[in-house]
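Just the one chain here, the form predicted alone, laid out as structure tokens.
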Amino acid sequence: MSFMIPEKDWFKAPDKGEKSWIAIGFIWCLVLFFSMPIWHIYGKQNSSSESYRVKPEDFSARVMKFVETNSIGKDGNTPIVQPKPGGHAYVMGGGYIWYPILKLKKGNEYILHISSTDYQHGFSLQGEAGINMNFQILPGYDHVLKITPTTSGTFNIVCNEFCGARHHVMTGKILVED
């Protein structure tokens, strides 16, 4: 492989056809750019969220306290937790599991806190729960979302960000009842 010096007059200005396509591409970029706020506000395509710095051990302690005070049963070894409508709910990713299982009431708003205690994870809610969620969850950050389930059923949470050898088993659940 060798490097070649380009010809002296290698650059040629775009002709009329090329200028038209450049203009069309630029206009389309502007249309999409100015549509983003419209999609966010009116299309409800993106969840509004806040993130706060938190030590993973502090977030883990909050989750454990939440489980102690709101636990209503177990599914295997994983507690099922039912927060009060309008209250705070906590989900923690780590150890290849989403913990705990949340039981929510349809039509009620909840403030959901999500964080990781070990690695970067993807939080993806599967199914049509009326909740469109797909977030990257980082250790050291408390992601706070307001959610209102609109469909009852069992909805699986999967990790969609490769997090290690047991990534394929990293799942959780959200139960929504009428």
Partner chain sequence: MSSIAGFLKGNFLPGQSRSCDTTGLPVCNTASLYIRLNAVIAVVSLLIGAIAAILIALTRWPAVHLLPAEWFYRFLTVHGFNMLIFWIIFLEIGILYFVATTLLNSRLFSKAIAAISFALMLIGMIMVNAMIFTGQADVLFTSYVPLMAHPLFYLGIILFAVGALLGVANFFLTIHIARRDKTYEGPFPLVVFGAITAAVIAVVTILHGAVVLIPTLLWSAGLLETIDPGFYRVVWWGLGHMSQQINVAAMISVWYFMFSLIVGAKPLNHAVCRGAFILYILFINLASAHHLLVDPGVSTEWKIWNTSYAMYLAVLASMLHGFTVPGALEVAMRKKGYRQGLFGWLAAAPWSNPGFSGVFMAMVMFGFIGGITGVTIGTEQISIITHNTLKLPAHFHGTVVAGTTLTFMALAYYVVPLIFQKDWYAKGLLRLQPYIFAIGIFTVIIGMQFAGSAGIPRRHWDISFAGTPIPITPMESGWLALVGIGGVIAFLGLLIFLLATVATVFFGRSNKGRPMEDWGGVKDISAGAGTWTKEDDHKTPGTWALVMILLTCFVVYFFANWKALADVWWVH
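Keep in mind that what you see is a predicted model, and the values were worked out from it rather than measured. Think of the rigid core as the biggest set of C-alphas that the two forms share within 1.5 Å after superposition. Residue numbers count along the first chain shown, from 1.
Quick note: we don't show the form predicted in complex with its partner chain, though the next part is all about it.
- Of the heavy atoms in residue 61, none are within 4.5 Å of its partner chain in the predicted complex.
- Its partner chain in the predicted complex comes within 4.5 Å of no heavy atom belonging to residue 57.
- At the 4.5 Å threshold, heavy atoms of residue 134 reach its partner chain in the predicted complex.
- Residue 143 belongs to the set of residues with a heavy atom inside 4.5 Å of its partner chain in the predicted complex.
- In the predicted complex, 109 is the single residue of 74 to 113 with at least one heavy atom within 4.5 Å of its partner chain.
- If you fit the rigid core between this form and the one not shown, you'll see the Cα of residue 20 move by 2 angstroms or more.
- After superposition on the rigid core, displacement of the C-alpha of residue 35 between this form and the one not shown amounts to 2 Å or more.
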